[in-house]
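Taking the form predicted on its own, here's one chain by itself in structure tokens.
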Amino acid sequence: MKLTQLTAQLTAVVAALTLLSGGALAAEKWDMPTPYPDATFHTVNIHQFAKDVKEATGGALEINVHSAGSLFKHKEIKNAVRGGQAPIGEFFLGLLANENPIFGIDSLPFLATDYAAAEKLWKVTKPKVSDLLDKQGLQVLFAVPWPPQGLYAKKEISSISDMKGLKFRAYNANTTQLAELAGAVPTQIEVADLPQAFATGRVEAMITSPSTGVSSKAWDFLSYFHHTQAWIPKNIVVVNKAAFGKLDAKTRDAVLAAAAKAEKRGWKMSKAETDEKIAILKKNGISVVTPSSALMSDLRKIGATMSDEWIKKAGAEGQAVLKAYNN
């Protein structure tokens, strides 16, 4: 009798362990590399996205966010997701401009300089962006814009001639071209390396958002922010199609719903960022400058040149996107 009871107890324990093991195996855990620090609103939004996914799936899918390039460097994230080293990731869309000009359209100076225009531009470019990434085994989940881009420098810039010879931080093909057309020297620097790069003289100026200026504590290494509102670029979140396809339909639907919420929330967060972050820049000693008419005229001429050259590179597909946007 005792042996029978012991056997029954052992059977129950084994069954319980089997159930626990099955539950553990059923829970999918995804690592998600992102390029920006936790305080950046993009990363805040992504943490909320991960939380939404976990809650919506009852813990069946957990996304572990690795911020500030801690898992993969920024320029490595897209290929890491494409190669299956990470199932999901975020990166700056303009980084892919060398692959196809369509990826860099939202970084063309003075093409879309307010949120209504930026939303329209994303609406007409998203199908083509999605198609291009689909061919690489990637699926677009959502995209969120940065605030309008401004010119940071150690000195006040009154005209393009003041930029001649300056070491200028570039992060994609468009910012590299802008620097060259302005007579500056483009230098590839990641956000996490900005303080050291400015401190050591590797760069002396950059165009980026008020958000990045605050998160990198720009007041520690430069003095001026020129509110040029040059363009409104985006970060994009993509998922490896094979990894996504392994999820059950209910979990996939939950991810897509959370992604839609994240995109809507992210655009609202971006809109709230500009005034808030510019106020922080001022509070910490940055001189916020309304650009001179001469500087803006020079920059717009550069923007027109870049748009003309972009159309030549983008061909019929690019022309079709611009036509849809302008209409």
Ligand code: PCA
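Residues carry their position along the shown sequence, with the first being 1. These numbers come from a predicted model, not from an experiment.
As for the form predicted in complex with pyroglutamic acid (PCA), it is not shown, yet the points below apply to it.
In summary, the region of this chain contacting pyroglutamic acid (PCA) in the predicted bound form, judged by heavy atoms within 4.5 Å and restricted to 169-177, 246-254, 155-163, 195-203, corresponds to 169-177. None of V191, L181, L141, A112 but one reaches within 4.5 angstroms of pyroglutamic acid (PCA) in the predicted bound form through a heavy atom, and that residue is V191. Using a 4.5 Å cutoff between non-hydrogen atoms, T208 counts as a contact of pyroglutamic acid (PCA) in the predicted bound form. A residue is said to contact a partner when one of its heavy atoms sits within 4.5 Å of a partner heavy atom; F49 fails this definition for pyroglutamic acid (PCA) in the predicted bound form, lying far away. Using a 4.5 Å cutoff between non-hydrogen atoms, G94 does not count as a contact of pyroglutamic acid (PCA) in the predicted bound form. Among residues of the shown chain, P233 is one whose heavy atoms approach pyroglutamic acid (PCA) to within 4.5 Å in the predicted bound form. The partner is not shown here, but in the predicted bound form the stretch 127-158 reaches within 4.5 angstroms of pyroglutamic acid (PCA) through a heavy atom at W146, Q149.
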